[in-house]
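A lone chain, given as structure tokens: the form predicted alone.
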């Protein structure tokens, strides 16, 4: 979305994990209540400034909770629009919709994700055979390049699991155009360490900075811009003065979303529900689709071969899973069986023992979790069990609209809000 600077807010975050935060729903809701008074014009005026890790009062501190759907997009917007008009809260509303847009865009072009995975593997092999590249990469991720600001952000990311959105853009630009490092390894660095690391918004934002997402359009980090929006904390020297777009494969055309049952049409009554870290709010599914007889919860450990979470991100997701299991028990929603591995045979046995031939799960957007679930679907099919995906009504309404850039998508926001009962 356009900012006061004329460039889009890319990495779809406006939050950090503060010291008194916890990876649970109650904390996310409290964060929301704290932020709501500032979600209008104050947010629009102040959101681009990175005041440093000790001061994040100009942003919402919500994205880790939204990212894993510990709290949902619609309930965030409901609360904001109770306090502000859609006009006053336009910038924040668009920020929430950026994350939705990226997911929809990538789900219609999964080949972009799979190509990124291949290029990551290739880049790692190149690093192993190039001592100079390995040295430069280690200096970058360790915050030892000598570039003011960049080194601070690298250390802040690994220490806290957070970077301000503007800092993420500066960091990606310096990584690509000044340090000449492979963009895919920068995206991998972010995805592993960010508490709100999202395959769609992270991958596509790095592509945008590099000139691959909007072909030929790049983002150049400038010392004066960094100085202005960091309150004079940083004015790095020696940055690239040109940002020539990287070359890549042409963008694929959008394809229809994979088949899934629409949320309002699903019936979970006495069925089995498989929960995963892409969607950790089963209460809203239960309220719409009926109460399942058993919930299977895939822990972060189940996805480690697919998603190499950094320690802080993994702890956040693990804590969110603990909270979910506790909420289900306290709310009388039935038992939760926790799984630390994706064992199709054991999962099939649980489904068969319950006298069922189907296992329901919320759709996971394109990324490592979706890749793992796709393999599980094939394995369960061999066991005679059907894995049925349920697409949230929010995603069903918004994702098909992400066929082009964000600006055409933005025109649909009033209609999306109205469909969600927010108009």
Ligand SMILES: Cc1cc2nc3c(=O)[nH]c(=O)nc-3n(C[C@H](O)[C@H](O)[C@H](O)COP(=O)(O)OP(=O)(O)OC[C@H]3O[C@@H](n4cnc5c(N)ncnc54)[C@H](O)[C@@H]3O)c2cc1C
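Numbering follows the first chain given and starts at 1. From a predicted model like this one, the values you see are computed outputs, not experimental measurements.
The protein also exists as the form predicted together with this ligand; that form is not presented, and the subsequent description refers to it.
- Stretch 193-201 is the contacting one of 105-113, 262-270, 136-144, 193-201, since its residues have non-hydrogen atoms within 4.5 Å of this ligand in the predicted complex.
- Checked against this ligand in the predicted complex, the candidates 212, 296, 163, 221 yield a single residue with a heavy atom inside 4.5 Å, and that residue is 163.
- At the 4.5 Å threshold, heavy atoms of residue 181 stay clear of this ligand in the predicted complex, well away from it.
- For residue 174, no non-hydrogen atom is located within 4.5 Å of this ligand in the predicted complex, even though that partner is not displayed.
- Though the partner is left out of this view, residue 316 does not reach within 4.5 Å of this ligand in the predicted complex, counting heavy atoms only.
- Taking the partner from the other structure, this ligand in the predicted complex has a heavy atom within 4.5 Å of a heavy atom of residue 59.
- Scanning 86-113 for heavy atoms within 4.5 Å of this ligand in the predicted complex gives 92, 95, 96, 98, 99, 102 in sequence order.
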